[in-house]
Ligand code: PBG
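Here you get one chain, nothing else, as structure tokens; it is the form predicted alone.
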Amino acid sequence: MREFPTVRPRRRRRTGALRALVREHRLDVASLIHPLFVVHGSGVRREIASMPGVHQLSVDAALDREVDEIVALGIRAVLLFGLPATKDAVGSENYAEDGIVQQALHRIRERAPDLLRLTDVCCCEYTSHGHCGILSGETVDNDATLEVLGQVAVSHARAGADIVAPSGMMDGMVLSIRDSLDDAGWNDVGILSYAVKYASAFYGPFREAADSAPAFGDRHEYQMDPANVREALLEASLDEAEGADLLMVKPALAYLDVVRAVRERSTLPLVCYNVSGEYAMVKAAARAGWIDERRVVMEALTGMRRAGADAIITYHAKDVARWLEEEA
């Protein structure tokens, strides 16, 4: 019997070139989607206190500079969130022809026509009560909300959206939006469904960024219980059957098992959202000198790819693009 093992996996780890040669999963800039927060006003580039490096941007030169930087880094897709000038019970600016997201879509399409434009389709940023739909008393009326979501999706398509992304976790939202888009002649506009969206504590900084905290109660009535996986598979299968072009799992880091489970059940492209709380924790720990930000971010996002995500929505997108370029 031989004294030493004949199989030595360490041989493949000996140099950086060897490790790169046998690497099983890779991050690439084409898989990154950069979120943008757009606001009314002039010359606004307002950093979000809980999300260092992320800004609210006015639809003028401030947005132009951000778009130019994104394009120069090779990032190919952005996801737009809008902060309205005024809010009301139904979120009227959400589907207004001159709404803030509609203005941003027109400007981005003119400045960077090849940049893929995704839009969040929900009511929470636009309603005075901050919930993700139309209220009946203090309960979100699912079916009344579907009509509004269809109007929003058509308005975004008309302004230049390539893909609309409904995020409110309303039953039947994908089918309703697909019918609305098709009836209005926007057959080629895709739907990225927030098919699996949990009622998560990791969304806290986003609610500052988008001014979208509910005025009362919470969103557990329509977002998913963090304990459930089988329900996630049901939600994903329903949205796929209703005509979703892509599926999303949100959040990412605490739900990689869900990303894997959905990946194994569906052949649709799968996106995960590296959400604001995940971003803020990394930034805070890095600023305190407790972690190596670059290594932690690259490790976390690689884990999302390893779990089965084809694309990642992340506030780290610009940094990751720079780091990937340095490694090339």
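One-based numbering along the sequence shown. Since we're looking at a predicted model, the values are computed, not measured.
Note that the form predicted in complex with the ligand isn't included here; everything after this is about it.
The stretch from 282 to 290, 268 to 276, 299 to 307, 59 to 67 that comes within 4.5 Å of the ligand in the predicted bound form, counting heavy atoms only, is 268 to 276. Among residues of the shown chain, Glu93 is not one whose heavy atoms approach the ligand to within 4.5 Å in the predicted bound form. The ligand in the predicted bound form comes within 4.5 Å of a heavy atom belonging to Phe206. Using a 4.5 angstroms limit between non-hydrogen atoms, Phe202 touches the ligand in the predicted bound form. Of the heavy atoms in Tyr255, none are within 4.5 Å of the ligand in the predicted bound form. Checking Ser180, Asn142, Ser167, Ser155 against the ligand in the predicted bound form, a heavy atom within 4.5 Å turns up for just one residue: Ser167. In terms of contact with the ligand in the predicted bound form, the residue from Cys124, Val196, Val174, Leu105 that brings a heavy atom within 4.5 Å is Cys124. Residues of 77 to 111 placing a heavy atom within 4.5 Å of the ligand in the predicted bound form: Phe81 alone.
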